[in-house]
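Just one chain follows, in the form predicted on its own, and it is written as structure tokens.
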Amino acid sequence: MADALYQELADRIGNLIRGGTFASGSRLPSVRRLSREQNVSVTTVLEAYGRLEGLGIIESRPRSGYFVCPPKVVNGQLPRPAAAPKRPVAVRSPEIFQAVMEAATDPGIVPFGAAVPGDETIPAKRLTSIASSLARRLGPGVYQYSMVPGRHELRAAVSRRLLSAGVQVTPDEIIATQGASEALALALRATTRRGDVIAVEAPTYFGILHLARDMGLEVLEVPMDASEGMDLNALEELSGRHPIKACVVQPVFQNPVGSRMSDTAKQRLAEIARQRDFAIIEDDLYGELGHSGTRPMAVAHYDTDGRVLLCGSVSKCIAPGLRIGWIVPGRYLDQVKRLKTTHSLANPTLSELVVAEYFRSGAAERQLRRISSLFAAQCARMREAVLREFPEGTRVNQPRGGFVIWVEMPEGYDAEKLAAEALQQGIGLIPGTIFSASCRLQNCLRLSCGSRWDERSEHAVRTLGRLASHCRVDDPA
């Protein structure tokens, strides 16, 4: 009888999942709540969830509960590795860049453009409470400069958090920055000179490309896999032919593709850098936003001679407006300190202390569990909607962390044209050409899943699918 009861409960939940009551990536009721609602024992619920987990329908996440698994990836649904020039190139920016960037902050635009967490994800009340308490306790001092290397409270808190990524550093080895963008800029300035060559992922975050352009660097684009990240065989071959000074990589939940390098690949990347004598600039901005709730190891964990410069920030996981980031520069510590002093001199003291207290209080762990589950569900819903609404043959990544979706339309479709028409309909998106130094990836685009998924979002994806059907390269403008 007991066996029949848990099987009956498992069947009911499975039917609700298949019927769409519980969407991909969404959190199921807690064991105790479901026990009360269904008037069954906790053991029966655990057995029912265990049955569904064994079938691959749901998954358990430590300290978070049970979640609906994303649909199985069908062969041919994931984007293919991007073709890239096998020589360094100067960075070019497509003409549409400024228009899509300005639209990204327009509140009247459906926010599929900028990779910014929605207002509903920001713990505003808690941050305000901490800021008020600090101001009362410390007085005018919270509005003074925080000089290089930044407040010790923040650097100590970051030092403790990096332990989960396998990185053991003291607060004195960390420099606080104004967001990850400044950290990346400092890392590039410390490791390169005008005319040098750097390796980047293809596609990569456009901010890295713009830094390279403004610094007079040439870029070597390395193809990457939608699941596994940078093609290390290609990197090894290209770095043997070209004198790379630095490799800028997002090994964990890469923007825009969402890939995650294996620990073996990270270790190999560190070894290639040692053999070819170049620096690794590790952009770890999304490292704590894994959908499974686990924090992957950083490449810096495998660094044996200080050539990895690890960059991070709270912009995606707490609040972008705090403008708090950090860099662990390894052997480049003294150079980065000098550059930081020259570049921006100081950071906002109040923001540094707020983040330090937020970390110290344990609130960050609760925040991460909440938003990681939310982002997983929103990415799953976006992916399903795009595969349903876009032209046949469209491929979409299945990110294991972060909150962006990479879409590859069939050859011949024009994402820049789609972006322009979408703006006229009040919808933002970022065309793939912006993520390529050579303005390739014309049939690709990135969609942000950082804001709440609702009927407006569903309608926007349907509109994009309709617009995409006639946004072809050979169509008249």
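So that there is no doubt, residue numbering starts at 1 and follows the sequence shown. Worth saying up front: this structure is predicted, and the values here are computed from it rather than measured.
One more form of this protein, predicted together with a further copy of the same chain, exists but is not displayed; see below.
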query: Candidate stretches 366 to 374, 340 to 348, 165 to 173, 218 to 226, one within 4.5 Å of a further copy of the same chain in the predicted bound form by heavy atom; finding: 340 to 348
query: In the predicted bound form, the residue from Thr304, Thr264, Thr105, Gln275 that sits within 4.5 Å of a further copy of the same chain by heavy atoms; finding: Thr105
query: Residue among Gln144, Thr294, Ser361, Asn233 with a heavy atom within 4.5 Å of a further copy of the same chain in the predicted bound form; finding: Gln144
query: Non-hydrogen atom within 4.5 angstroms of a further copy of the same chain in the predicted bound form for each of Ala124, Ala135 and Pro320; finding: yes
query: is_contact(Glu237, a further copy of the same chain) in the predicted bound form, heavy atom dist at most 4.5 Å; finding: no
query: Heavy atom of Ala115 within 4.5 Å of a further copy of the same chain in the predicted bound form; finding: yes
query: Contact test in the predicted bound form: Arg241 vs a further copy of the same chain, heavy atoms, 4.5 Å; finding: no
query: Contact of Ser315 with a further copy of the same chain in the predicted bound form (heavy atom, 4.5 Å); finding: yes
